[in-house]
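The chain below stands alone and is given as structure tokens, in the form predicted on its own.
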């Protein structure tokens, strides 16, 4: 008999009101609420297959991007798997005809199509895809709500709870000591604001020097600015952001997004010793967007784009669809030779040319607002921005057909397995 299998994909989400700091580390309970935009998983996704078979050797196994990862007796992976097993066991106790999948060994294989550990929310989409695939395998959709699944995903990676929904998503920090009310809820579906798009500027795909988990707890312990952010800044900004999204008010959305990113990184700098996630290229992109918006507003128009940075150097630029060609040309002028994921065929070379190699430098756009200071930053050396990814607001996790499964009938990765990681 073939093994039981399920394959799901899950999206990246990028917060516009950031989560930074835990009030309970083992349960991953945040010090503040947060709000994010889910990005299109046709462009950025984690793909995960889960399989179970009574005949396989005992013990669960997991592969991430071709490398086997240890699943310890404790830890985040084990917590998520055990919680999902508990939910499946409850179903089996109610219906004795169900196969006892909760007792079968699990095999899980996951792949990302974007850099891991570089500030692009890889753990968020990864744990969301894991929870989605295992819950689908266990047929939990009738007994466990998406918000409840987000509570389970939160225990793997805090931001993963937001990747269980599409569109615009709030992570409610909650008040209960056991974390039962710390989960994600939809603020608005992707269809609410389809004109909002994003241009991701990948400055570095290297692993972060200070992992987020360690960095945020250092900030909690040492940053007076973070304490003020938790008590005063975030509650007001959550309200502002919800209203901006409801009204599709890009001006308010842009201001709140950039202010929150700056405040978050100021808290990192206020940490002892300070944490530096942004680099010189990151700061140059900030200066460029600020000057573009200043000139546009001075000319009688509103903000053109909004930048935000998670715990890494890579910029995510949000903008209305009609502004993206201008922003793209401007970025390609100051940061030449980046690879470009032309997912919307902006360069007009056909649907089969979505990922392009290094792109030549561009002149300054003719459509720049009057008064724009072209000397605001220098033209950077080729490759300062390595890759540009154009995407948009996306949907939540998808259940995929069996043909997409990453595991063979023996519960091993179909793609070549490399050395096991200790």
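Quick caveat, the model's predicted, so the values are computed rather than measured. Numbering follows the first chain given and starts at 1.
Unshown form predicted in complex with a further copy of the same chain; subsequent notes refer to it.
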property: a further copy of the same chain in the predicted bound form reached by all of 25, 35 and 180, non-hydrogen atom within 4.5 Å; result: no
property: Residue among 337, 102, 210, 263 with a heavy atom within 4.5 Å of a further copy of the same chain in the predicted bound form; result: 263
property: Among the candidates 301, 145, 272, 345, the residue which, in the predicted bound form, approaches a further copy of the same chain to within 4.5 Å (heavy atoms); result: 272
property: Interface membership of residue 72, a further copy of the same chain in the predicted bound form, 4.5 Å heavy atom rule; result: no
property: In the predicted bound form, residue 376 touching a further copy of the same chain (heavy atom, 4.5 Å); result: yes
property: Partner proximity in the predicted bound form: residue 231 to a further copy of the same chain, non-hydrogen atom cutoff 4.5 Å; result: no
property: Partner contact for residue 307 in the predicted bound form: a further copy of the same chain, 4.5 angstroms, heavy atom; result: yes
property: Partner-facing stretch of 285-293, 168-176, 77-85, 315-323, counted where any non-hydrogen atom is within 4.5 angstroms of a further copy of the same chain in the predicted bound form; result: 285-293
